[in-house]
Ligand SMILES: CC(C)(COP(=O)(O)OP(=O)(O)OC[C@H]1O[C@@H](n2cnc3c(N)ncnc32)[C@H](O)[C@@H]1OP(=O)(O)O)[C@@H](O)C(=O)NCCC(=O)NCCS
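Encoded as structure tokens, the following chain is the form predicted on its own, with no partner shown.
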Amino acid sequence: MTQLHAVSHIHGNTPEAQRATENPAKASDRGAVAPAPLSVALWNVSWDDVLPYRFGSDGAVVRWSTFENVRPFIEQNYARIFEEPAGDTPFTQETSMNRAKARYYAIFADVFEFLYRNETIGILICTPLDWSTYYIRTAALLPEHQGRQWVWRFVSEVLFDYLAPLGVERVEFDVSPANMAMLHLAARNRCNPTGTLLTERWGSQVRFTRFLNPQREAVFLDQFCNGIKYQTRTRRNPR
């Protein structure tokens, strides 16, 4: 399930933290301590091409990270961010399933860490869903920073444009029907609702797809959509 909101583990204003912010690990360095993420194996991505990413001179900085680095952020903040009981927050309990989930993220995930003034304020964790689809598994930003929409801006300003030329055909994520702000934001950024899910883990979710391949988007619109097709209108008349 995708949780599009916010989270945080605080880094001190130490020289080490500053160096980490300014100099994210290179792919070759990461390979020395962990296997390359699945996106590297499938699409030959190199996040060093776009990271670190800065939102202006006094904005947030996005850097490459690891699941172990951001796990304390999840444990300390997800309950507050997603308004859930602390005991229900992922990874707070040491179970075999949580250990397997942690290994899955450590092996397969792309982990992006958002920092503001050297403090972690949010995360974005994604994995390939298959050979043509990139899936946003969890995204979170501390409530005090959510108004600037830094996570979504990174997705729309960086991920979409970077992944499309590599052959990724779509980016997908799931949203709770109660998350009105995210539903509106997804539609405003040309993400199509392409399905619904009912699961014992996450309850009701709406699946959104942002097509990066125009031909795939055309198939979806032609086969499943009637009436006004906003996407084709904006392609004919780009703003």
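The first residue of the shown sequence is 1; numbering continues from there. Values in this document were obtained by computation on a predicted structure and should not be read as measured data.
The next section is about a form of this same protein that is not shown, the form predicted in complex with this ligand.
Peer 1: Consider residue 51 of the chain shown here, and say whether it contacts this ligand in the model of the complex, taking contact as heavy atoms within 4.5 Å.
Peer 2: Close contact is absent here: in the model of the complex, residue 51 is far from this ligand, nothing within 4.5 Å, heavy atoms only.
Peer 1: Test of understanding: in the model of the complex, would residue 188 fall inside 4.5 Å of this ligand by heavy atoms?
Peer 2: It does: once this ligand is placed as it appears in the model of the complex, residue 188 has a heavy atom within 4.5 Å of it.
Peer 1: Using heavy atoms and a 4.5 Å limit, would one call residue 105 a contact residue for this ligand in the model of the complex?
Peer 2: No.
Peer 1: Does at least one non-hydrogen atom of residue 174 fall within 4.5 angstroms of this ligand in the model of the complex?
Peer 2: Residue 174 belongs to the contact set for this ligand.
Peer 1: The chain here is shown without this ligand. Which stretch in 105-113, 75-83, 125-133, 162-170 comes within 4.5 angstroms of it in the model of the complex, by heavy atom distance?
Peer 2: It is 75-83 that comes within 4.5 Å of the partner.
Peer 1: Taking this ligand as it sits in the model of the complex, which residues of 145-172 have a non-hydrogen atom within 4.5 Å of it? Please list them.
Peer 2: The stretch touches the partner through 146, 147, 148, 149, 150, 151, 152.
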